[in-house]
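Presented below, as structure tokens, is a lone chain in the form predicted on its own.
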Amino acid sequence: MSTDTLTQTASPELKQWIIEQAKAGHAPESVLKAMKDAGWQEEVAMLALEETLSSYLAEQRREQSLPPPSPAPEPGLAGSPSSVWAGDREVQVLLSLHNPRVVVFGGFLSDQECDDLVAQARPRLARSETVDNQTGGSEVNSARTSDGMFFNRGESELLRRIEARIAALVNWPVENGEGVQVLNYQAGAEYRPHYDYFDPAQPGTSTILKRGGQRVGTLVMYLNTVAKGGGTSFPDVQLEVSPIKGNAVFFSYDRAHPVSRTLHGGAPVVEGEKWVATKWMRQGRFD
């Protein structure tokens, strides 16, 4: 710890030193004395000590109140490969973030697979619904202005192939996945920012969790390239993933808490339409 008595400011290094002293069990009085002995002005030292310790203690309280982490899907990206084998095809790694855990994959689906999913889903589309947190059921919500449908898990050869590919890519059992949902967004349609996990504080969540436990991962597959708009946004990190046919974005959340930083949304479609297929992964077997 060093100081310049002419222009004293609480640098990041000083704040880190204060935190280290707190972790070592030193009382604030002794830390203040050490700072003054090192040449820090008393006013500057007291302010730095108060602000740093307040922030540190608040962070400690927040961490203690968090739900414990649980295992979550994770692609095998050791060594930062440019591509990975997904069981039956090579998939490109276009972007990888660790906090939040977000990975963008290129070429996850072939053009034909995208077209076939759209063709199989189109006759079954209906107005999309969201989870009703009060009852555990579902409801139409103005935050989600799309049409959609759910396939049963493994209901066709195409679905079985894609589900096996997802399982191989993110190292998570096929049986822990919900059925694939296909969504269609017309011009102006969107899905406002939200979390995919089920809020533990809501009364309907206990009913939902009886089937497979909490959601811990999401894979969004783009079935067409949108002319303008329609990206998948992550507001906490100012990231937007462009909807490119065949690509996919994966993100995981090991706690049902905003600390996961997985707040995300579907930006409004400006021109054209958007088709996506979503796969949610649960902690346990989903039946």
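Numbers follow the displayed sequence, beginning with 1. None of these values were measured; they are calculated from a predicted model.
Below, we refer to the form predicted together with ligand PD2, which is not included among the displayed structures.
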Next on the checklist: R127 versus ligand PD2, in the predicted bound form: is there a non-hydrogen atom within 4.5 Å?
Outcome noted: no
Item to check | Contact test in the predicted bound form: L223 vs ligand PD2, heavy atoms, 4.5 Å | outcome: no
Item to check | Any non-hydrogen atom of I18 within 4.5 angstroms of ligand PD2 in the predicted bound form | outcome: no
Item to check | Interface membership of G265, ligand PD2 in the predicted bound form, 4.5 Å heavy atom rule | outcome: yes
Checklist entry - Is it the case that Y185, K274 and T278 all touch ligand PD2 in the predicted bound form, with a non-hydrogen atom of each within 4.5 angstroms? => result yes
Checklist entry - Counting only heavy atoms and a 4.5 Å cutoff, which of 79-87, 200-208, 160-168, 187-195 contacts ligand PD2 in the predicted bound form? => result 187-195
